[in-house]
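Provided below as C-alpha cells are two forms of one protein chain, presented individually as structure 1 and structure 2.
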Structure 1
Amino acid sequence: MSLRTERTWLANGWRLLHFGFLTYLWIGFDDAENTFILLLLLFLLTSLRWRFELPAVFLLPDILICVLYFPYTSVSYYALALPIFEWAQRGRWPFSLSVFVALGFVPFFSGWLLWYFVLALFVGFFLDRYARNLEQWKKEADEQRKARQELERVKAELLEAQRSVSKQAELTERYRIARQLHDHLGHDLTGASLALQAHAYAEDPEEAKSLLQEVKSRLERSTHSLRETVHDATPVAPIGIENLERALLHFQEIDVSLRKSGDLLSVAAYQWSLLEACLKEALTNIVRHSDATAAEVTVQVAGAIVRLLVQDDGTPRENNAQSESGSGLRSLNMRARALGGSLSTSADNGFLLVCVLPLEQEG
C-alpha cells in the first residue's frame, strides 16, 4: 500500500515539474491566450490519470491534442514529453520511442527538445525499474512474513510439545519413585510392621528378640533405601524461584528487589523456564533502553495463576526502543500464549512487563 503511494508520489512529482516547465515556456515565449487551453486540457487528462488507473491507450488523446496544436504553438512539441514519460513509466518504452518520430515534423529542430524528450524517457524508465524493484521487494517481504508466521506456528507447536513432554517426564519420574518406594521401602516397612505386631504377641523372649532384630534390620534397610531414593530424586540444578533469584544475583547493573508471595511450588518447571526468560529479557531491556536506577520484580502465585511483574523507575528512551526489543518480547508473547497465558508491556510509567500464566489444576 505505502509502496504504491511512494511510486505515484514520484510520478506526480515529475508530472508537476513537467507542467511547471510547460507553463514557464508558455509565459516566456508564447502568450496567446488560446494556447493556454492546451495546457488546461493536458492538465485535465493528467489529473484524470492521477485519480484513476487508466490504461496506456488513454495517452492517445494527449498526443492528438498536441498534434492539433502543432501549427499554433511550439509548447505543444514539448508537451509530447508527457506521453513519452507515461509510456516509459508503464514499461511500454517502444511506444515512447515512436513519439520521437514527431521530432521529424518540427519546423525548427531544437536540441533542447530532443534532450527534454530523452530526459522524460529516462525518468519514466527509472520509475518503471524502481516500481518493479519495489514490487519484487514487497513480494519477498510478504514471503518472509509468511515464513516467519509459519515459524512462529511451529514454535508454538514445539512449545506445546515441550510442555507435554516435561509433564510426561514428571509423571514418569513420579511413577519411578512410587515404584521404588513400593518395591523396597514398602516391602520392608510392611515387613517391619508385621514383625512388630508379631512381637506384641510373642511369648518366647528368644523369638521376640529375633523379631526385633528383623524389625531393626528392615528399618535400617528402608532408611537406607529412602535416603537413596531421595538422593536420586533431588535435582542437582536449581529450579523454580531459586533460578530467578540466581539470575538476579548475577545481575548487578541496577538495584533489583524481589518480592514473592503464594505457593511457589505449584508452578511447573516449564513455566519457570518461561518466567526466567521473561525476567532476563526485561532486565536486558532495562539496561539497554532506559535510564532506570532500580527495578522491582514480583512473583505472585494466587489461585489459578502465576504472575510475574517487572517494573523499573526509568523513563524509556523513545525512538527505536520499541522496534529493537520487539522481536524478543514478541517471541516471549508467543510462548506465553502457547502456555495459555499472556504477556504485555507498557512504557507509560517506567518500563513494565507483566506475564501471567495459568497454573495446572491439581489432581
Structure 2
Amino acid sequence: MSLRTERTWLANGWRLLHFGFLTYLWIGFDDAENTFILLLLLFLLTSLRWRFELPAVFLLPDILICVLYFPYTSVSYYALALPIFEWAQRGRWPFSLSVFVALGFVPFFSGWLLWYFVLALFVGFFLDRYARNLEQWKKEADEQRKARQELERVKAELLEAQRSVSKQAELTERYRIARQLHDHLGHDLTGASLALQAHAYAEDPEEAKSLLQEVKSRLERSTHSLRETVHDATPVAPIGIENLERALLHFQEIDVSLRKSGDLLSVAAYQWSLLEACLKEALTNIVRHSDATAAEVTVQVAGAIVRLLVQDDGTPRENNAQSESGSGLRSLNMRARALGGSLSTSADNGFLLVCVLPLEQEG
C-alpha cells in the first residue's frame, strides 16, 4: 500500500466515524428533517473529497452549510468538526485553529462540543504528522537504496578496473621482457653464432683464438642478461597458489589439506585475489561457527573455469553466520558476479563453499 493510499484510508475511516456519530445524534436526540438534509449535503461534499484530491478551499462550503443550519439543528455544531479535521490532517493549521476559536463565541458551545473538536483536531494532527514521518522515512529509505546501488556500482567498476590494470600490467611486463631479450640476449647470441661460423673458416690461429674469445664473451654476457631478466620477472611477494599455500601454513586452528589440479598459471592475478579472500572467509566461518576438526581445500582448473572448494567435517552451530546473509559472503558473492562467476555455500553435510570463476580467453 502506497503512502497516499494509506493516508486516504485513515482519513476515510475518521470521516465514516464522524458521520456515524452525527447519525447517532440525529436519531437519538434530533429527528428533524432539516438534520437529514444537512447530513446528506455534507456526505455528498465528503464523497467528492473521497473520490478526488480537492484543494483545502473546498472545505468552505461545509462551513457555510453548517452555519446556515445553526438555527435549525444542534447537530450542525458537531458537524463543524469535519472541516477542522480536514484542514488539520492537511497541515492547514491556521484554518483549523481559526474555526476552533470562532466556535467559542457561538451560543450552543459546551464542554462536550469542545472535547469533540479537540478530538478532531488531534486526529487530524496525528494523521498529518504520520504522513510527514512516512514521507521522510520513505525518502531516507530511497536515499539509502540509491546509496547501496551506487556503492555496488562503484565496487563493480573497481573490480573491472582492477581486472583491466592487471591485464595491462601483464602485457607491459611481457613487452618489457621481450624487448630486453631481443635487445641484449638476442644480439649477443646472434654475434656468437656468427663468430662460430667465422671460426670454422679461419686459417690464422690468432684469428681463430680471437673469435673463440669473442664467442665466450658474448655467451657470458647472454647468460648474465638472462639471469637478470629472470630475476626481475620473479615477483618479490608470492602470488597465485603460493598465496593460498601461505595462508594455509599460518592457519593452525584445524587441520587443512590442499589439493590442486590443472594449469594454475592460466589464472589471472585479480582472480587469485578473490580466491584468497574466499578461502580466508571460509576458514574464518568454519572456526567461528562450526565444530569441525579438519577441512579440505581444492583448487581445480578445468576447461575455461577455475574452481575453489572448501569443505569441513563439522556441523554448523545454531544461529551461525555461515549463510549468504553474512556481510562477508555477500560482498564476495558480489565480487564473484562482477567477474562473471558465482559463489555458493551449503551447510547440509558440513560447511561447503564453492567459488567458480571463468578464465580469460587468449585473444
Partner chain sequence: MTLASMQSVLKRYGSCAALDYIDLEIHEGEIVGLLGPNGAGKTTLIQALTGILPVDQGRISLFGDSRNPFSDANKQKLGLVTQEIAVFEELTAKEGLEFFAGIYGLRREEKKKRVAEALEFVGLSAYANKVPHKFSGGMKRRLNIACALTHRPRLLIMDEPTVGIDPQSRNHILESVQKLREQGTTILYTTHCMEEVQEIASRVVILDQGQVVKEGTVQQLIETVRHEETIIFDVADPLGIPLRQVESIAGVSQVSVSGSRITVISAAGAGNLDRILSVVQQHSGVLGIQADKPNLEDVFLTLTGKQLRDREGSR
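Between two forms, the rigid core is defined as the largest C-alpha subset superposing within 1.5 Å. These numbers were taken from a predicted model, which means no experiment stands behind them. Residue indices: 1-based, along structure 1.
Undergrad: Structure 1 or 2, which would you say is the form predicted together with its partner chain?
TA: The chain shown as structure 1 is the form predicted together with its partner chain.
Undergrad: Just checking, between the two structures are Q271 and R288 in a single rigid part?
TA: In the two-part motion between the two structures, Q271 and R288 are assigned to the same rigid part.
Undergrad: So how many degrees does the small rigid bit swing against the big one between the two structures?
TA: Rigid-part rotation, C-alpha based: 31 degrees.
Undergrad: Could you tell me how many Å the Cα atom of I65 shifts between the two structures when the rigid core is held superposed?
TA: So the C-alpha of this residue moves 20.8 Å.
Undergrad: Provide the displacement, in Å, of the CA of A141 between the two structures, taking the core as the superposition reference.
TA: C-alpha displacement of A141 between the two structures: 4.1 Å.
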